[in-house]
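Just the one chain here, the form predicted on its own, laid out as structure tokens.
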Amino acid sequence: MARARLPRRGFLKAAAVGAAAATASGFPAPAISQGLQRWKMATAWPKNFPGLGTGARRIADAITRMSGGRIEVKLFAGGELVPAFEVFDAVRQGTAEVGHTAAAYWTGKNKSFAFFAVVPAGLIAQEHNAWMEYGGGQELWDEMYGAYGLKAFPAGNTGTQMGGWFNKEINGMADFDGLRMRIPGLAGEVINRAGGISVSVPGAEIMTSLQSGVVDAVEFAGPWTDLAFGLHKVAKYYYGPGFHEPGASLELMINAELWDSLDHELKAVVRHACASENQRILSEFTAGNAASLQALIHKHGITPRPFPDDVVSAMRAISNEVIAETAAEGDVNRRVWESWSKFRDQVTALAPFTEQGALNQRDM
């Protein structure tokens, strides 16, 4: 028996009634009735800044494109919607639906947040990604951020960062006495215990802070970003690698209530956009840093140098103390520390037989 066809106007009316009934019953309305979702993405980065601002832009564009028009993401650089260091609260409170930042910026709320970005004397990018995906890191992150009404995913990594730009030579630990340095996260506490003074400054304010003498030294990421900022024009002593950020992971955070409201398809879109950019930003930083280091050396006369061995040893010892102390902050903090420490021990034992060993052989 042939079905009677419902006129188009009647079909739309019926669909609207059905959607309203579904919503009233507690079930989500079908996607056809939900219409376009417009999301604001707040970031901690200057507009279109290499690797960071551009990476956030690509995530926003990817979510818009892969959602098939169901989500439209508008990006706001640091300070355009909210100040760079207020993105966490903006997303939690719904001022922005998503944010692209780094979890190390939020240690004032919970010191263990740093483990989901980077901690001094910690994991390199590949190791961090492995812990997050296969070592229990993501589950612990979900638990910690969930208490604040947030969900987050790794969404980029700068790789091993430089130690920073200084307005004087670093010949020993005594040179950190009274040194005012822009450095975030738990690394800031390490600098404080080393005799320095850590200063929290958003990326967009780094250059002016160094020029004006607000700080005596700054770190940000690597040669690619440092060259873009023009830091070589102000400070001539460039040290690396940095003890503080062996592999700095970025994050895409999303309001948890919004995340829970998404269907499986849209959740997959967000996950895939983050996963793709997580690898792309790391590759981009590796290539950009390599080219920019050559420019700093050959065009601008900068001679990068390593920190003295005694400085490296002292900073590593202080770093291990600082990160171990986070375990005393609470039950979940202890579990984060134990999970992360166990994984670090395992990959440290593996390293001489994989990338670290290969690099040592290559340099022989």
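In case it trips you up, residue 1 is the first one in the sequence shown, and so on. What you are looking at is a predicted structure, and each value in this text was computed from that prediction instead of being measured.
The form predicted together with a further copy of the same chain is left out here; the points below concern that form.
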Task: Partner-contacting position among 211, 126, 200, 167 - heavy atom within 4.5 Å of a further copy of the same chain in the predicted bound form - done: 126
Open item on the list: in the predicted bound form, does every one of 192, 207 and 236 come within 4.5 Å of a further copy of the same chain, counting any heavy atom?
Closed with: no
Open item on the list: Can you tell me whether residue 79 touches a further copy of the same chain? I mean in the predicted bound form, with a 4.5 angstroms heavy atom cut-off.
Closed with: no
TODO: Decide whether residue 257 counts as a contact residue for a further copy of the same chain in the predicted bound form under a heavy atom distance cut-off of 4.5 Å.
DONE: no
Open item on the list: Taking a further copy of the same chain as it sits in the predicted bound form, is residue 174 in contact with it (heavy atom to heavy atom, 4.5 Å or less)?
Closed with: no
Task: residue 330, heavy atom within 4.5 angstroms of a further copy of the same chain in the predicted bound form - done: no
- [ ] Please name which of the stretches 225 to 233, 287 to 295, 140 to 148, 109 to 117 has residues with heavy atoms lying within 4.5 Å of a further copy of the same chain in the predicted bound form.
- [x] 287 to 295
TODO: Check each residue of 48 to 66 against a further copy of the same chain in the predicted bound form and list those with a heavy atom within 4.5 Å, in sequence order.
DONE: 58, 62, 65, 66
